[in-house]
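For reference, the chain that follows is the form predicted on its own, supplied as structure tokens.
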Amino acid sequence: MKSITISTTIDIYDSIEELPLEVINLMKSAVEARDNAYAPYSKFHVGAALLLDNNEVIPGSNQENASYPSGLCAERTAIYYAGAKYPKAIIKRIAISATSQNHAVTEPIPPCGACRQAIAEYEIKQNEPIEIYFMGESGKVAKSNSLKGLLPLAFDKSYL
């Protein structure tokens, strides 16, 4: 038997004001998208904004459905739209913000597992890392330099 060690580094900023201006603007786009979420069941609103290499900013918000599995997270809404509209563009970074109508969300909220897998697909496809910034409605902001920092043993096409 052999053991492997997997480690990751996540940068934590005390607030959005510590981020570079370009990232602050992207996070503001994520917050604006969050305000457009349709989440009548969970009351958990998520917004995402992607920055593409062509300087387009693509927003996405979670969209729920009474048939729960039929809904879609904010990150995948944005990623799939970017892939459909700009199939050759490279995703440089993604900003994510989440809030709840039930309680204050002051800790960074990372992408769910399904969204991590979707981000992994695009990171592998473009052969370039995607910076991921995530936060709650206020407070600290977390940053991963690549999806590999959040999903180090990603499933990809090499297994098929």
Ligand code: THU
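Please read these numbers as outputs of a predicted model, since none were measured by experiment. Start at 1 and count along the sequence shown; that's the residue number.
The form predicted together with tetrahydrodeoxyuridine exists for this protein as well; it is not shown, and the discussion that follows is about that form.
Site annotation in the predicted complex: the residue of 132, 46, 58, 91 reaching within 4.5 Å of tetrahydrodeoxyuridine with a heavy atom is 46. Interface residue among 36, 106, 42, 126, judged by heavy atoms within 4.5 Å of tetrahydrodeoxyuridine in the predicted complex: 42.
The shortest heavy atom separation between residue 64 and tetrahydrodeoxyuridine in the predicted complex is within 4.5 Å.
A residue is said to contact a partner when one of its heavy atoms sits within 4.5 Å of a partner heavy atom; residue 73 meets this definition for tetrahydrodeoxyuridine in the predicted complex. Scanning 103-126 for heavy atoms within 4.5 Å of tetrahydrodeoxyuridine in the predicted complex gives 110, 111, 112, 115 in sequence order.
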